[in-house]
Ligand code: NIG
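Just the one chain here, the form predicted on its own, laid out as structure tokens.
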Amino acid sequence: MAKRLLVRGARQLLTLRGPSGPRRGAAMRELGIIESGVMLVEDGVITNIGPARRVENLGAARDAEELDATGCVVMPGFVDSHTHLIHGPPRLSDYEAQIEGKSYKEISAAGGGILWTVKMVRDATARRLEAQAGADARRMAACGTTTVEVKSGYGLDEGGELKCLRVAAWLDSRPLEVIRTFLGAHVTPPEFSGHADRYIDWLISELLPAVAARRLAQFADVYCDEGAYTLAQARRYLSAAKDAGLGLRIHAAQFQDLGAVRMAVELGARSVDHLENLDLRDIDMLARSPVVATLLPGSVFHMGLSRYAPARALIDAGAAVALATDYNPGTSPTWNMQMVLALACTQMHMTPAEAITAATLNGAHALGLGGLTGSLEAGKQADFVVMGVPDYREVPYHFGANHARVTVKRGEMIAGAKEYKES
């Protein structure tokens, strides 16, 4: 017998229903709201959604378990499409140094930054990394996230990278759906210091084939920026990853624009991420391409910077814009997508509706999952969150808050179930 769940009483049911593909321009403001909506779920899949008078009278709805969302907003679960979830301990010394006025470059030169985390991850057991990442994944779920992209990139040798990717595989369905990305080209590891080209050669000849053959990742990523990899190095690495059958993602224009957006379009990358220092001439190129521009305001906020990605210009030009946490131990230690929405609205001048679309449906398309999740429509996975507010605009309005009462993944409550039932 099918397992049925009836979600009823929602003051606003945000469906984001519409044509296939990521939302662009004015369509990002169209949330497909059903007032007093009801949703029927069978075996983890949405089978019916609409006004209460229609759905509640269906035969399948009469013996379903009920989830009472009276007075609440029910919306798609967040799709966090850019994270560094597996990282070991937080970089608290970096945080203090930053507060004292040290720059990102200065902190890295003094032994902090990414390479400090690399040392911690190399020294950690897989079990310890599972404990850290598993706890943070549960925190994400408690804030309404249902799907997360998880990168490697803190091992930077064969043992460390494979360990991180295996931990990411272990994380899947504990409790979030996990998409794995191989970020072998994050920065140059200490044993290759001064020889970045040799390290890229080693990645292409040794580690990338192993990752692809063992199906440890769906995507490959590269950090193409000042202090990381040049455009030529990034192109060689990504071209090899594409030939190996991996999808492509790119860290680009966080500190300096090296031309990575054009490369992303030429190579058919799924997403290009950060873009705080985007060349405005590239905006039209993104608008005409299928590449999703994934913006990460959490890192700008935490680093105390003032230059956010040009979200308004990207949206108005027609680019597909997504939002993600960039959760990591040094520059964006937040697992709460609701805070990311608040930053997107106040600092990047996105409307609440645009921010929600960017953090759900467009995030799903950034991971190639737009046909499965990111909106609440018949035939899609029942991935949703019940927010304890009567109007969706309150989600970003109360910055730093967690409004999520219950988070549901494929029809199963993965966060908030005990507290919700007791209330």
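The structure presented is a predicted model; accordingly, all values stated were derived computationally and were not measured. So that there is no doubt, residue numbering starts at 1 and follows the sequence shown.
There is another form of the same protein, the form predicted together with N-(iminomethyl)-L-glutamic acid (NIG); it is not shown, and what comes next is about it.
Using a 4.5 angstroms threshold between heavy atoms, residue 336 stays clear of N-(iminomethyl)-L-glutamic acid (NIG) in the model of the complex. Contact check for residue 114: a heavy atom falls within 4.5 Å of N-(iminomethyl)-L-glutamic acid (NIG) in the model of the complex.
N-(iminomethyl)-L-glutamic acid (NIG) in the model of the complex comes within 4.5 Å of no heavy atom belonging to residue 192. A residue is said to contact a partner when one of its heavy atoms sits within 4.5 Å of a partner heavy atom; residue 297 fails this definition for N-(iminomethyl)-L-glutamic acid (NIG) in the model of the complex, lying far away.
Here the marked residues 177, 384 and 409 all miss N-(iminomethyl)-L-glutamic acid (NIG) in the model of the complex; none has a heavy atom within 4.5 angstroms.
Note that among 196-204, 165-173, 307-315, 82-90, the stretch whose heavy atoms approach N-(iminomethyl)-L-glutamic acid (NIG) to within 4.5 Å in the model of the complex is 82-90. The listed set 95, 301, 223, 219 contains one residue whose heavy atoms approach N-(iminomethyl)-L-glutamic acid (NIG) in the model of the complex to within 4.5 Å, identified as 223. With the partner omitted here, the residue from 147, 271, 254, 181 that has a non-hydrogen atom within 4.5 angstroms of N-(iminomethyl)-L-glutamic acid (NIG) in the model of the complex is 254. If you take 39-66 and check each residue for a heavy atom within 4.5 Å of N-(iminomethyl)-L-glutamic acid (NIG) in the model of the complex, you get nothing at all.
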